[in-house]
Each structure stands twice: as structure tokens, then as C-alpha cells.
Ligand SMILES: Cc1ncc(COP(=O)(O)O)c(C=O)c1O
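So this first bit is one chain, no partners, the form predicted on its own, shown in C-alpha cells.
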Amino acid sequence: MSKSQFLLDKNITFLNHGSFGACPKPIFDEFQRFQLELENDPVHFIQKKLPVYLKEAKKPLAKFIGCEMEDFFFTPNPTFAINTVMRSLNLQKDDEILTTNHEYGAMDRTWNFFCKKTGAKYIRQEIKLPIVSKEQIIEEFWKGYTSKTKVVFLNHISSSTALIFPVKEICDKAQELGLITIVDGAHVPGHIDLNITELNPDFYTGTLHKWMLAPKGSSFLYVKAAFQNDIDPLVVSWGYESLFPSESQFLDYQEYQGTQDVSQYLCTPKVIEFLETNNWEQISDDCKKIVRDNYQRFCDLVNTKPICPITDVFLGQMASIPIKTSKPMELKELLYTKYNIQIPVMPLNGSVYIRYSINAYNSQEDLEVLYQAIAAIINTTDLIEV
């Protein structure tokens, strides 16, 4: 698939799909079509059409992510979703939230805020690198479990280290222990297979605007039925004690939170149609192969070692290369301003990673551009140590 089918700047080597995604033109056209329909007759659209459109959007997404449409609602992003869950948890002083030291920075901040307010404790259990097996991750994770553990919070695919975590196995054990399970699957939908019912978490959030290619600000929060009456709305509005309640108080509370443009959510049927029409499963597999085929080569260039076995057990359409630099932000800026490469350089736990993402608009040539740029930086600056 050509880069021309996306709205990306053709002069930029874009290797950062993982941060905010990229939207194809047909999907963006659908987004603007809904926006125009809203502006043409806003009252009728919001009061009459919107409830119908939301159901039409949720139905194919429910099938795509493997759950019932009554069990999730759209959110702008996973941070919004996790804040909704966090504020509804009845945790007490010294109760523990068990997580890993590979979580997304916004999530760490969310839980740190919560813990300062409640006296609960956020336990960032170390998962050592390099990873050698799923069993290693599972064993190290549960070393953080104590009698005070009440919640397990886990990313499905980590951001800085781009690793696929054994969420199913951890959720299964957590359920046996009677723990609440919350999964941040921001990078999962459209990236690796997802069936929320089979994973069986209590809460699961994922984005559509990353690997599903939806317009920005499109995500969802799944809540298991047993928890739905306990989840307060992050914003209290017309859905609370509704004058015209639906069959689901849960959805009334969460889906009607004042005036907002939700055109990005309504594009969901078009998003899924685009993926299916363009055989996205095969495209994704091809992209994953490019990611794996180049990983060792880049590690060799910067004289580091892979952080996991180079297999589809741990790697999807992203890979994070350990890189020795004391100036990660300067390195990222140089790659963008001098070499026209958009790629993240991210510190985590005392290490730094340069993470490349590969999607349909990328090719091996894009990674050659990156390879040559890094080689030139090594030879001409002190930003990278080898």
C-alpha cells in the first residue's frame, strides 16, 4: 500500500506509527462527512441521530475486539479510560496495585496521583531485560504479589520497550487470586489478535486511532458486567439519573457527557471495512516480518543486544533498540531536523530505546534511511556511544 493513501507528509520518513497512528484518506473523508452532517443540523444530529449512529459504530467493533457491545463505551484515549476506572476503585490505605516497570508514563502518573490521594501503593515490579521467555515475565511479575495486592494493572504491549506481555496467563492467575484485573491495550487492536472475552480481564482499554487507523481521539473501555454499576462517570452530565433512561445505566452514565464532537467514533464501521477490504491481516504480517528481520542488524549497528527473542511471541509491528546515549531528546530532534525521520527516542528505567514502527506505508527503504542516519550520527557526533 502506497504512502500516498495516507495524509502523512511525503518528505518525512515516518517510523512512529505507534505514538498516534496515521489515518488513511478514505477514513478521514468519512470523519469529515460526519462532522459536516453534525454542523448542518446540530440539534437533530445530537438528539436523534447520534444514539443510532453510536450503536451502528459499536456493533462491528464489538465483533472485532471480541465482546458484547453493551459492555464497552468509546473514550478519547486510554488515559481517559484508566482515569475513569481508577476513580471508581474503592481501594484503602496500603492496598496495592501490582504492575510492571514497563508501563506507559501517563499511566504511572495516573496511579501515582491516585495513590497520593488514597494511601494505596503502586508496585512497579521489575521485569528484567533481556526477556528470555514468557515464563520469566510471569515468574518475575508475581514476585511482587503480597497479601495486600488488590489490583493487577498491565499493559498488553509496552510503549517504550514495545514488548508483547503474557496478559492471558496473568489475568487467569489474578482471577484465581480474586484480584481486579485492568489491562492497557493501547497498542493492541489492529496490531495483534484481540478477543477480550477469552482474555477475561475485568477492564480493558484500547485505541482505534493507533493500529486500526481511525482518526485521532478514538478509543474504548470495556467493563465486565459485574463491575458496570460501580463505575462512576468521569464527567457527570445528562446521562446521570437520566430523564429518559435506557436499559443500561452503565452506558447512560458513560456515553452522555455533554456536547462534544464524536465523529471519530462514528467512523468505526468505515475503519473496519477499510481493514477488511485491504487484507490488513496479511499487511500486518508483512510489516511484522520487516520488524523482526531488521532488529538484530540495528542492535549490531549501535553495539547493543536485543531485549527479547526475535519472534512474534514478543514483537509485533514495533521494536525498541537499546541505544547508549545521555542525550535522548537531542538525538530525537537531530533525527527529525537533519534527517527528516520521525521516530521516538525514549528513556525508561535508566536505559534508552529508539523504537521503530512499521505499517503499510513503510518499506525496507525507510529503515535504510534510518540505518544510514544512525551510522552518520555515530561517525560525526558524540550523541551515540558504541
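Model, not experiment: these values are computed from the prediction. Start at 1 with the first residue shown and count on from there.
Note that the form predicted together with the ligand isn't included here; everything after this is about it.
Residue Pro78 is the only one of Pro78, Gly316, Pro215, Gly190 with a heavy atom lying within 4.5 Å of the ligand in the predicted bound form. Contact with the ligand in the predicted bound form, judged by any heavy atom within 4.5 Å, is made by just one of Thr181, Gln254, Gln264, Asn155: Asn155. Looking at Pro24, you'd find every heavy atom of it more than 4.5 angstroms from the ligand in the predicted bound form. The ligand is not shown here, but in the predicted bound form it comes within 4.5 Å of a heavy atom of Ala186. By the criterion of a heavy atom within 4.5 Å, Thr100 is excluded from the residues contacting the ligand in the predicted bound form. Put simply, Val85 is far from the ligand in the predicted bound form: not one heavy atom of it is within 4.5 Å. Stretch-level contact analysis of 87-95, 272-280, 155-163, 236-244 against the ligand in the predicted bound form, using heavy atoms and a 4.5 Å limit, identifies 155-163. Although the ligand is not shown here, in the predicted bound form the stretch 11-43 places heavy atoms of Gly18, Ser19 within 4.5 Å of it, in sequence order.
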